[in-house]
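Listed next as structure tokens is one chain, alone, in the form predicted alone.
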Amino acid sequence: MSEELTAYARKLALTLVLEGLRAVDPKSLLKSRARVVESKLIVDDHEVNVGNGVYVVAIGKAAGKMAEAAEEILGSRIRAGVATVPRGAPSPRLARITPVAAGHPHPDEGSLEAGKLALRVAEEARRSGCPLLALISGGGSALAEVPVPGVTLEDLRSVNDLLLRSGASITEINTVRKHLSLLKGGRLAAAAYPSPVLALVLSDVVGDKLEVIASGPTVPDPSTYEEALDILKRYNLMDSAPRTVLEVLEKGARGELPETPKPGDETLSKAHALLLGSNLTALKAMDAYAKKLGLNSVVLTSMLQGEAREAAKALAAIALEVKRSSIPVAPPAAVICGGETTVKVRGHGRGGRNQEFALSAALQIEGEGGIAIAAIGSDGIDGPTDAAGAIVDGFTVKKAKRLGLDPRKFLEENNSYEFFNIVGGHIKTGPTGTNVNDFYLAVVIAQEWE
């Protein structure tokens, strides 16, 4: 019976994850919020005159679906546009907006092409006096780029890789990126000034900070060159970062290069940003659906951060508490969290933060029936792998040991992908076309339940 309850817990966890993804479908979100009335594009209570046309720049992992929605809403009013598409993802069906395949998590030649086109579209909006509609989502930092003079694509890829492997937060990583870019940190909107800019944003950042999402191409940037340098120092990257990168940041810190547009900058005075959806949007939908299924559900946080393996221990501990003492909710229960953890790479394995989270959780709930824990990236991509994440239960470690494997060694080597490839438990969705951080979910079915 314990194995049957566990299997049911796994099924419920996967059902809830899929409901979370459905709730943050970019196309549905945009079409539910935006409409054209006569010559005006209306989003919530904000209006933009599109009678003479509008230009569109869509940047990020959700750009394809957001661009499709924009074409359906605006039709022939779109004069020109560009949309980034993660390389390998399905190409969107677009008639007026040009799709460009680009790299993630590292920028590539396609990223440079997309970035140049984005700036060109913004400049066309400026010359024509028509508004610029910016559709922004997570992943845009890599998918579209125009580096500052003196910095090459290889330089960007190098410093990006160093920061990703260091355990730096996305806020820290994007602070550095913004100061190496002609597109980020408000510079896209500045290129369109004095034409109005409306940015519709799908957040993949803990706390939904607009200046961090896709490195904030349409909003003021409060960070500085000096802070970017401090981040490289904090993670001991000064000796390994490209010399050209250090020279740009050092010149900027000395005041020899112009800063990114700051709050109050005139070039951003006609730019407006609205949040379309976020991690919390998905968590609330999961919570509502769990209750509909008869589960006692609780959303703990959309702001889970820290080392993936340590954060997993916290969720596993809560799941065990639910089973043993019905705190904070009684079984049958769903404990729902979201956020974005990090992985400090110590070994030479292959994986991603969600697979590492799941493997760590499996070690904590070893032998416990009726518990399933899932961790998934909402974009469908976990690290440099084809998995979105993984799901585990109290029998995962037992199965691994039966196969002669030591789960702790896989964790030490950051080799979670290979672990789940052998033992089973991968969640594979393919690119989802959305991006709102990660979902972490524990389902506890500790007794017979209809």
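Predicted model only: the values in this text are computed from it and were never measured. The numbering used is simple: start at 1 and walk along the sequence shown.
Below, we refer to the form predicted together with another copy of the chain, which is not included among the displayed structures.
Note on the interface: of 157-165, 310-318, 263-271, 126-134, the segment with non-hydrogen atoms within 4.5 angstroms of another copy of the chain in the predicted bound form is 310-318. Of the heavy atoms in Ile73, none are within 4.5 Å of another copy of the chain in the predicted bound form. Residue contact check for Arg408: one or more of its heavy atoms lie within 4.5 Å of another copy of the chain in the predicted bound form.
Although the partner is absent here, Leu119 is not a contact residue: none of its heavy atoms lies within 4.5 angstroms of another copy of the chain in the predicted bound form. By the criterion of a heavy atom within 4.5 Å, Lys284 is counted among the residues contacting another copy of the chain in the predicted bound form. Annotated contacts: Leu295, Arg350 and Asp393 are all free of another copy of the chain in the predicted bound form [non-hydrogen atom within 4.5 angstroms]. Think of it this way: in the predicted bound form, another copy of the chain has a heavy atom of just one of Leu304, Val85, Ala190, Ile231 within 4.5 Å, and the residue is Leu304. Taking a 4.5 Å heavy atom cutoff to another copy of the chain in the predicted bound form, the contact residue among Gly207, Pro242, Pro222, Gly369 is Gly207. Residue Gln364 is the only member of 356-395 with a non-hydrogen atom no more than 4.5 angstroms from another copy of the chain in the predicted bound form.
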